[in-house]
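There is one chain below, alone, in structure tokens, taken in the form predicted on its own.
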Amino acid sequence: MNDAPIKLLARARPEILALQPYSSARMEAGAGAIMLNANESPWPPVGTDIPLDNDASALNRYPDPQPRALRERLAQLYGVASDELLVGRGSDEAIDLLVRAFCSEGRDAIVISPPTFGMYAVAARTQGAAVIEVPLAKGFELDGDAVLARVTDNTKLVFVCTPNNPTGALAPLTAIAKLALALRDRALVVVDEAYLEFAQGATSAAELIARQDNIAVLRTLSKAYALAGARVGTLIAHAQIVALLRRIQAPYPLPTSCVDAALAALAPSAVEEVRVRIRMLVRERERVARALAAAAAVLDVYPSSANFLCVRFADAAATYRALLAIGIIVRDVSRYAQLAGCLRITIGAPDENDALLRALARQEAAA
């Protein structure tokens, strides 16, 4: 195995590369018979029936910074090596870590393609990095040539969301590979695949990392695996990029209870049930899309490979208010570039989708 530094590391902030990372008690030593190294309580939490335990799985003990069992299970799920994987607090933490590791305040920049997920720009602006916007092309397609035309020497990260939030459009893997090849050793292409499980038959950009080390992939258990409340996200990248981000990650990013929930959700029987749910949701997505397309108040239903639909209404504001009044909450995305008059509608359970369609039919009848 070649352990020579990859060239992309030279694009990281030099002060991060030189940083002496914090070494937590759990990183320096694992579990023992008597644990006196982390200033933890020797007793279990008051008011719980959780038995006293001296190992890292007990709530009175700090959790493993990168739980081995979870990383191995996620590596198996995503088909990557465990040292190419970093777990943290949802995809948001990985976005923030990438920006902090690569972008110097007042000098560096990221590229995004709006309309897209808003946290890329928030993380960059919080760090004092510039945000270069290269709009999606017609049909909300990634415009790789336009992106390359805007990249400068100070561009460190290029974000590609696929399926895109909030449009649902899928970027071809060939387009991502071409973009990464053109930016080799210059910028990291960050591919956000939070909704990829719903894009039936789509291939993850993680398969490109072995030959293109300037690709990082974001995955999450929040969507298909129903763990939004547990906040378990994964970054997949070259092992040296993972090691770089670990230098600045919080010492104990995942609570023990969240790790336990993730391990349960990733058991073989649970993964099979998730696949059943995904197939059901995709059928519901197509059913709801057909029903909405036939509604007079709907101007357009955009093709989606995610668990939501982006829908343009003749009067989106009135539709939003009418749904809200009866307790149905959708997302108003009309403020996004190219999405005036659009609402993003998550695909729910069949009865929830039926309630939505009935409400829209009543609104249309009353108009």
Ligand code: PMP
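What you see is a predicted model; the values in this text were computed from it and never measured. So that there is no doubt, residue numbering starts at 1 and follows the sequence shown.
The same protein has a further form, the form predicted in complex with the named molecule, not shown here; the description that follows concerns it.
Among residues of the shown chain, Phe117 is one whose heavy atoms approach the named molecule to within 4.5 Å in the model of the complex.
The named molecule is not shown here, but in the model of the complex it comes within 4.5 Å of a heavy atom of Gly90.
Among residues of the shown chain, Thr220 is one whose heavy atoms approach the named molecule to within 4.5 Å in the model of the complex. Within this chain, Arg231 lines the site of the named molecule in the model of the complex, having a heavy atom no more than 4.5 Å away. When you look in the model of the complex, the only residue of Leu196, Ala123, Leu235, Cys161 with a non-hydrogen atom within 4.5 Å of the named molecule is Cys161.
Screening Asp96, Asp108, Asp213, Asp192 for any heavy atom within 4.5 Å of the named molecule in the model of the complex leaves a single hit, Asp192. In short, of 161-169, 198-206, 269-277, 126-134 it is 161-169 that has heavy atoms within 4.5 Å of the named molecule in the model of the complex.
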